[in-house]
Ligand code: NAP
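A lone chain, given as structure tokens: the form predicted on its own.
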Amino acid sequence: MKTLKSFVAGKWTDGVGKSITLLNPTTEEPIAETAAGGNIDFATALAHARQTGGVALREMTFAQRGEICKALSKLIQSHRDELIGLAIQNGGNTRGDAKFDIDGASGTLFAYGEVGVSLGENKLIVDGESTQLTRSVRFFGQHIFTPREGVAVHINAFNFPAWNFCEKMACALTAGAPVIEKPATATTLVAHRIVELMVESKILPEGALTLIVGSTGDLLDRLNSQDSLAFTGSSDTAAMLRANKNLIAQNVRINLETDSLNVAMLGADVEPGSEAWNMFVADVARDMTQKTGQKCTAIRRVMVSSDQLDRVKEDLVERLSIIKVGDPSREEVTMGPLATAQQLKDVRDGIARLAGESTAIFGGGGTIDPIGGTKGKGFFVSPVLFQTRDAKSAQAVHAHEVFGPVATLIPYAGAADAIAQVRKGGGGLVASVYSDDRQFLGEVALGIAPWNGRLLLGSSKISGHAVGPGTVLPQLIHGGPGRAGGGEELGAARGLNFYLQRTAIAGDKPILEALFKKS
């Protein structure tokens, strides 16, 4: 059984303390182990990252760092099948779900390689045009972005061990920041292998990449004002991070992505069987069940007009009925288990909570006999589709995210009511609205945009052309207000800003033009 180590200051380091065993969520068999406690001198780790990795990265241009990201993307692609196998083994992913994670990781790295190359052989970014500050035609101001001199600490979620890791890393490396990656321990096998490959390849300069397996110890207490922290995970953990005294005292930059009760809304104008209707049904069914619903962008609330309710139920139940749950290594299986025993407990508890105000119209309590499974083993759950018994009084559906293949149908009466229902979720990562009625789309989009980081406006014209709302695209921002954490990642070059310092420089116009001329 493999023992997973941390990679710190250029060396693989054993952990200490009680051992943690990683399980195959299909069979519950042990597949790897690591130590819960760290054996890491974080003062040394940070110094090495800042002084060795950071200096080396900042000496490069954006284009050079972009080429590094492209090389890392190709490295992952060249080991794609191996990584897919690990994702099936450690994450309970089907092959399709594993490819979604691995290809998302390599694709995002490549996209940021392109961003870096587009910024050229420069070490700074000129932000906008220079501005005349007084009546003098010589006294001007110019904003610029330069790399900060700290480290980027990334605490990543269990559900996307490759993509979540690489999307953060891509932005940071392109901006010139060395990274300290902390994957979720239970599903760290994929991320650990990617780091092994990166270390072996020597693509990155020394000190640019640190991997922490197990406890972060006193790492956060040692960060300073040039460092940054990006976190994906639960709102409870995010609240603890926000309250860290050192992060507050040092004004460490923090980006958080937490819970999200994402919405899919069907316009009353959409006819059953139309392209927009079919797009809506397909997106809901897929984003309920892909990765066994363990996606921060999964659809949790399904909003339809009262007149459409019966037909939508019929079509969604038909779609969900063909989902085959079981051993993800089997070709016929289309949905595997949840990642851990704790996730299974949380999902069952969440189903029970929703059942207090909603009726299950598919999947009951989530119990299922998996295909190819061993009786009594594995963290399996059925897709579950609820319908609120009273949409006006329902509260749990707008307050509690069940992080599994679970969604709830909510009828609405008109655009104003639909907007109000979306707002009850307290802020989300993504919402999707399906309609060919431009007036309805415009009213709803403006009404819910302040409550969401991203909107998909689905219509018959883009049916068959658009990716679903559950796919995070490197060209668009990922994050959202309120419950979703208030953070923002990706968005092409926008994703670099978190790791850069914007500075206003005032002076003689010819000097500014000479120093900060746009290339």
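What you are looking at is a predicted structure, and each value in this text was computed from that prediction instead of being measured. Each residue number is its position in the shown sequence, starting from 1.
Form predicted together with the ligand: not shown, discussed below.
> Considering the ligand in the predicted complex, find the one stretch among 234-242, 189-197, 371-379, 108-116 with heavy atoms no farther than 4.5 Å from it.
Of the options given, it is 234-242.
> Exactly one of 403, 277, 362, 100 has a non-hydrogen atom within 4.5 Å of the ligand in the predicted complex; which residue is it?
Residue within 4.5 Å of the partner: 403.
> Scan 83, 302, 179, 429 and let me know which has any heavy atom within 4.5 Å of the ligand in the predicted complex.
Selected residue: 429.
> Tell me, yes or no, whether residue 216 is in contact with the ligand in the predicted complex, where a contact means a heavy atom of each within 4.5 Å.
Yes - in the predicted complex, heavy atoms of residue 216 and the ligand come within 4.5 Å of each other.
> Taking the ligand as it sits in the predicted complex, is residue 257 near enough to touch it, meaning that at least one heavy atom pair lies within 4.5 angstroms?
It does: once the ligand is placed as it appears in the predicted complex, residue 257 has a heavy atom within 4.5 Å of it.
> Are any of the heavy atoms in residue 478 no more than 4.5 Å from a heavy atom of the ligand in the predicted complex?
So residue 478 counts as contacting the ligand.
> Is there any non-hydrogen atom of residue 337 lying within 4.5 Å of the ligand in the predicted complex?
No, no contact at 4.5 Å.
> Suppose contact means any heavy atom within 4.5 Å; which members of 501-515 contact the ligand in the predicted complex?
Stretch hits: zero.
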